[in-house]
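Given next, in structure tokens, is a single chain: the form predicted alone.
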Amino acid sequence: MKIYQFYVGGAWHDPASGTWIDTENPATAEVWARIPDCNAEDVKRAVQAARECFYDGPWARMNAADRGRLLRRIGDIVVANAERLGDVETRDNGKLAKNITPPLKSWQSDSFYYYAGMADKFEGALIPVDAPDILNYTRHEPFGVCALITAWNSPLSVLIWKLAPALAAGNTVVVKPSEHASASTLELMGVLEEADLPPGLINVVTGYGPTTGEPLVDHPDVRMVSFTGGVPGGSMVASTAARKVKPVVMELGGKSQQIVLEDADLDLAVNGVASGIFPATGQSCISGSRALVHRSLVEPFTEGLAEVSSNARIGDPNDPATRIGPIANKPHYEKVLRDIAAAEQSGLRLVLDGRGKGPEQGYYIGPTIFADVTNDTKLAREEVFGPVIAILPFDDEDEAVRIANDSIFGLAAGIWTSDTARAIRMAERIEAGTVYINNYFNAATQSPVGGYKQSGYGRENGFAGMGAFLQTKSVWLATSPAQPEPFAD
């Protein structure tokens, strides 16, 4: 069994509490590692290290071009250690290995290269003000210490999307991963020791939300927070940050719809909708868990979706042939089972039941499909975050848009149609931060990600992603200082 320490100030430490948290491999339900149960004392130590690095350490004297060079070095190290990092994350949260290691070598590590190039490209502006002999210009400056709070479904991916722009902007960070999946983040700090990071630049504390996360968000020296997680956790983070008037970027939950119009290619839509929910075991914020299907296609679509989904291999996340791995942790596994049972007991038609599928050991649930769902049901309105999809019929385009927007969430949406002009028109009407047309689940460092409504606010990735970690200063310079008029006679 591996016992981890937490990482602060360029060194490893035991928690002040003297206690650790067991972490299970969800594929086997066996404890394989322990992570530190950090408390407010450990958080204070981490923030202090980050603060000293920002104000007094070598980071404070490093220019933007040098920050870019460091980010490129980090990217190279991540690529070189992708297998090691991927193995730990798969063991820690059950995510398919083929969905971790290859991205770490490509589009995820590209975040470090992308923001390395952007580090010295965020330029200020000269403002044409109506004042003689006055020069007004702007500067983009880092906040200082930023708290990066990540989720258990994709710890490394979520962290990289935050870490790269935060460092490119010149901040220092304290990372708090989920207590359900902290090992890969700690493993990342182990490999990044090769990067010769300034001590205190990146710090990692692990533990529970009330005893680790809340003291971190509440700390007076933490100037900005970036959070990914569920709505309840996001609400608590926002409330805590608001007491100290701190800006927060939030990427929260979703109940994303995939709209299948009557002119869609049925095979393409069936496979596309299945790929938009099941391969990640439904454990992605943008999972398309509501299939809005034109009434003329409901029966053939439902039959086709059930057929392709029932043939998906469920099992070992390290097996390249596996399409669906385990639920990431026991508490969430039990929650998904409760949601399926509640939907069945409410009278919804269960077309495909994923309970009891997969290996006996571990937390496995196969694809689960409910049909004849209406949008006023709990299954259509609340996030399951599992391999469960609800099929809702509609009669025309206006009704599809109305159902899609009748939700507290607005993270993503998919449209399946052969009419591009129609798809573009619908994309403008749908309230979601990302809209996919005849595809689903694509992402790129250059493309902003974020939600509408209770799916969050602020954006990650792209120029907006780095802008979230910067604040703007306006400078007024008198080019020909004049003697001011006397203040008093």
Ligand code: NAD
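As the structure is a computational prediction, the values presented were derived from the model and not from experiment. Start at 1 and count along the sequence shown; that's the residue number.
Here the subject shifts to the form predicted together with the ligand, a form of this protein not shown in this document.
Visitor: Taking 177, 230 and 237 as the candidate spot, are all three within 4.5 angstroms of the ligand in the predicted complex by heavy atoms?
Guide: Yes, because 177, 230 and 237 each have a heavy atom that approaches the ligand to within 4.5 Å in the predicted complex.
Visitor: Does any part of residue 383 reach within 4.5 Å of the ligand in the predicted complex? Heavy atoms only, please.
Guide: Judged by the heavy-atom cut-off of 4.5 Å, residue 383 is in contact with the ligand in the predicted complex.
Visitor: Examine residue 411 and determine whether its closest non-hydrogen atom to the ligand in the predicted complex is within 4.5 angstroms.
Guide: Residue 411: yes, in contact with the ligand in the predicted complex.
Visitor: Report yes if any heavy atom of residue 89 sits within 4.5 Å of a heavy atom of the ligand in the predicted complex; otherwise report no.
Guide: Contact with the ligand, no.
Visitor: Spell out, yes or no, whether the shortest heavy atom distance between residue 281 and the ligand in the predicted complex is within 4.5 Å.
Guide: Although the ligand is absent here, residue 281 would stay clear of it in the predicted complex, with no heavy atoms inside 4.5 Å.
Visitor: Among 301-309, 251-259, 362-370, 188-196, which stretch has residues whose heavy atoms lie within 4.5 Å of the ligand in the predicted complex?
Guide: Going by heavy atoms within 4.5 Å, the stretch is 251-259.
Visitor: Tell me, out of 153, 184, 171, 109, which residue has a non-hydrogen atom within 4.5 angstroms of the ligand in the predicted complex.
Guide: Checked against the cut-off, the match is 153.
Visitor: Could you tell me which one of 104, 336, 401, 285 places a heavy atom within 4.5 Å of the ligand in the predicted complex?
Guide: Of the candidates 104, 336, 401, 285, 285 is the one lying within 4.5 Å of the ligand in the predicted complex.
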